[in-house]
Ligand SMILES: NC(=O)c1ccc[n+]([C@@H]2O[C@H](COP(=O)([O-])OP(=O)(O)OC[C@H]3O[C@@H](n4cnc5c(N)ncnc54)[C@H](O)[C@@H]3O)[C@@H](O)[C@H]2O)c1
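Only one chain is given next, in structure tokens, and it is the form predicted on its own.
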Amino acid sequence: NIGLVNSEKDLLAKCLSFNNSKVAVLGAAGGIGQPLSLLLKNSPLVSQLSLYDIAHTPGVAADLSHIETRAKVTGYLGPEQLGECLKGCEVVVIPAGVPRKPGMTRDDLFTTNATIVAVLSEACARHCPEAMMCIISNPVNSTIPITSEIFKKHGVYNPNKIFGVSTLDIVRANTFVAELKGLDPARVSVPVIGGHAGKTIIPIISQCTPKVEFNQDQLVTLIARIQEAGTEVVKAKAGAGSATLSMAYAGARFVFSLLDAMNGKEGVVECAFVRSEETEMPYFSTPLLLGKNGIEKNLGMGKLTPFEEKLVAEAMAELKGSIKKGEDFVKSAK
């Protein structure tokens, strides 16, 4: 004790705790994985960064390890090194999988990505069952039920620690609203509820801060753009992939919020696709108050306009099918 007052002690404790988070990125050599790993390496919240992929990870890790920040970077290659990669991890981020190509829906990725997420979730359930699981791999509406069912099988399921990262929908909603209204996007906050595909993406413009007004035609056009923004990128990249840079940014934003909350910061709220009792669907995205152990409180949908209620009702059938598809995949797996 060097004569610090309590507030300074708290600050010191906080600074020290900032540098003690081990984060794993599974799929770290991919289009999302590389920029996501770069953003995580650049953060004082991360002390150890474990990178895993089936190819190229040693190179990505060597490259990132030269950056002048504290996070120690280690690369792991192939299934035989996966267990070692996950040991002691507090947060696991999974962007692994195949990207969309023009003409594909997120659902078209199901068979390949479902298998990848199942294998990785299995390893996490064995080697770091207490970790926060942040799933980016699409279709998120199905991959979250897959991860949940696998954790249940291993008897380590905690619904407060499994998140479908839908943050990119919020980032896009904030950006598009700001563009239309001439606002600073960093100061715009639009909750997005439902799921993470097509019409299951439901931006709640009526709850935007600051308050914004659109006529019905503008609203319909804006919501359609937010829902189809991923396809906008897929088309623009013309076969060279899907949203990787903006997804890496959104994934990092979610992980930083989670680490802040785990470090004791209060009032941290993010939307994510999680186990939920807010609707008749077993999984649903809403604003969540995050805490030291994951979800502290589900803040629910809040007050919706009749138009927004209609969007929620119209999303239910698709959401139900996607969730069932994920659950059935695990049940039928050998």
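Quick note: we count residues from 1 along the sequence shown, nothing fancier. Since the model is a prediction, treat every value here as computed from it, not as a measurement.
Not pictured, yet referred to below: the form predicted in complex with the ligand.
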Between Met247, Ala229, Cys134, Val177, only one gets a heavy atom within 4.5 angstroms of the ligand in the predicted bound form; which residue is that? Met247
Note which of Val140, Val190, Ile193, Val93 lies within 4.5 Å of the ligand in the predicted bound form, where distance is taken over heavy atoms; exactly one does. Val140
Among 178-186, 121-129, 162-170, 256-264, which stretch has residues whose heavy atoms lie within 4.5 Å of the ligand in the predicted bound form? 162-170
For the ligand, considered in the predicted bound form: do all three of Ser276, Tyr283 and Gly326 come within 4.5 Å of it, counting heavy atoms only? no
Given that the ligand is not shown alongside this chain, does Gly31 nevertheless sit within 4.5 Å of it in the predicted bound form, heavy atom to heavy atom? yes
Is Val98 close to the ligand in the predicted bound form, meaning a heavy atom pair under 4.5 Å apart or at it? yes
Taking 4.5 angstroms as the cut-off for heavy atoms, does Glu270 touch the ligand in the predicted bound form? no
Distance check, Ile54 to the ligand in the predicted bound form, heavy atom within 4.5 Å: yes
Even though the chain is shown alone, can you say which residues of 105-124 have a heavy atom within 4.5 Å of the ligand in the predicted bound form? Leu109, Asn113, Ile116, Leu120
